[in-house]
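Just one chain follows, in the form predicted on its own, and it is written as structure tokens.
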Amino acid sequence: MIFTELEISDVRFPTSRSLDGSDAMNPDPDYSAAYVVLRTDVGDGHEGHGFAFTIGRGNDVQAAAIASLRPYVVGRPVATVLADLGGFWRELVHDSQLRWLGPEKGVMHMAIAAVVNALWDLRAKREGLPVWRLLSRLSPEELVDLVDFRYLDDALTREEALQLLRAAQPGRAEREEHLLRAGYPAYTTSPGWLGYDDEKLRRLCKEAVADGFGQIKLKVGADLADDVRRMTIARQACGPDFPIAVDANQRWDVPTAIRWMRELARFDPHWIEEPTSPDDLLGHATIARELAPMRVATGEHVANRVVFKQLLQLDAISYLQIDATRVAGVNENVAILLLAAKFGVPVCPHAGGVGLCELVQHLAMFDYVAVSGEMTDRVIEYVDHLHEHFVDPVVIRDGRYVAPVAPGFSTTIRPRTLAEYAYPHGRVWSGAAPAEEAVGGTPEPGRPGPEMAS
């Protein structure tokens, strides 16, 4: 019983046509997935599905990086790999020649995430559980065995992690039941894309409040006068006390971030997200200190658990934003969740992008059940794009994520989508599909179409 195939697809959605996902640094993204399917000869019909998220150009590079991992999987015994996903993670991450390309960051690290997440999807399907439930039912010892504590033990030791997990054990069953009954709080970024006009912004803000969301987020950073105008509209539409976070997507240097956000402080932003380079740890600490009590959030582009450790040690962030595909998959995110619990910093996952909502819901729910035991001051990002392409899409009810119950990681994309959105020869990209079948419709006059954006 071995892995027989690691299949890779370059799947892209022309979201640049309608400017879904647009922000100050990424004006015309085409949400994309370098998509993995792991097949076996076990005969139970189960496959492992995973992906790395990109925004168009470079998705082929990401797919090539994933392909380089094929020899580590194909031909290996299924049961052996799935029984020791901690050991398998270390084998991939610590390969000396591939590690040189990072180390532990960038395209190779994201490739490892795609494969590791596909393995968790397969394991969960074989055990008949959603990933959040599978993780939540592992013992503290099994969970810490997933984590590489190299570079972490000056901030979090294996024994400290065991103590955290053991302390959370008594309430696991009650929290799982509460999660199934009440769901997990969500906030929506859907109103806030930078390319939307004022009327669309106003309408979507009102709809978000009516739909039960307790927070929204707006993109900022391209033009200060525009940001003031848009924040005024959002504040009028949502009300004076409604939480409105803002996201600069790394647009500013440190002095600009401080100056810009002092101008927006009158609108009482719930947090400022990615105010500067994700690698500028001291810059984040300076921004946090200068803008206090305004809160700083970051994480979607943080490369690995080591950088998160330092952000926490520097007291540089008030909210930690894990990403399901940026770091090396489930295992590394377990390490980051443990770090956040040690430092008492709320985790509010990033989920802007195709399939990211489907993935990170599992990680946040696992954190609630088995790690932090907390849901207070925690929210999962939600964007209302592309969920129809998944076999088990997220469900939002009254502004909350409904806990998934289907076995797996909610990563399986529909076969028709894989065919029609394959780049560059799928019907949507080759021009064979009618415009209304392509996400976002036809390009606006004067704007590049997806063939230019990708």
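In this text, all values refer to a predicted model and were calculated from it rather than measured experimentally. Counting begins at 1, following the sequence as shown.
As for the form predicted in complex with another copy of the chain, it is not shown, yet the points below apply to it.
Undergrad: Select from the listed residues P278, P243, G195, P140 the one whose heavy atoms reach within 4.5 Å of another copy of the chain in the predicted bound form.
TA: Filtering the options by heavy-atom distance leaves P278.
Undergrad: Which pick from G86, G102, G214, G373 sits with a heavy atom within 4.5 Å of another copy of the chain in the predicted bound form?
TA: Of the listed residues, the single hit is G102.
Undergrad: Check R172, M231 and Y401: does every one of them have a heavy atom within 4.5 Å of another copy of the chain in the predicted bound form?
TA: Heavy-atom distance to another copy of the chain in the predicted bound form: none of the three under 4.5 Å.
Undergrad: Please identify, from 195-203, 145-153, 180-188, 377-385, the stretch that has a heavy atom within 4.5 Å of another copy of the chain in the predicted bound form.
TA: Heavy-atom contact with the partner occurs in 145-153.
Undergrad: Residue-level question: is Y72 within 4.5 Å of another copy of the chain in the predicted bound form, judged on heavy atoms?
TA: Yes, Y72 lies within 4.5 Å of another copy of the chain in the predicted bound form.
Undergrad: Using a 4.5 Å heavy atom cut-off, state whether S318 contacts another copy of the chain in the predicted bound form.
TA: S318 lies outside the contact set for another copy of the chain.
Undergrad: Tell me, yes or no, whether Q62 is in contact with another copy of the chain in the predicted bound form, where a contact means a heavy atom of each within 4.5 Å.
TA: Contact check for Q62: yes, within 4.5 Å of another copy of the chain in the predicted bound form.
Undergrad: Could you confirm whether L282 comes within 4.5 Å of another copy of the chain in the predicted bound form, counting heavy atoms only?
TA: L282 belongs to the contact set for another copy of the chain.
Undergrad: Counting only non-hydrogen atoms and a 4.5 Å cut-off, give the residues of 216-232 close to another copy of the chain in the predicted bound form.
TA: Result: empty, none.
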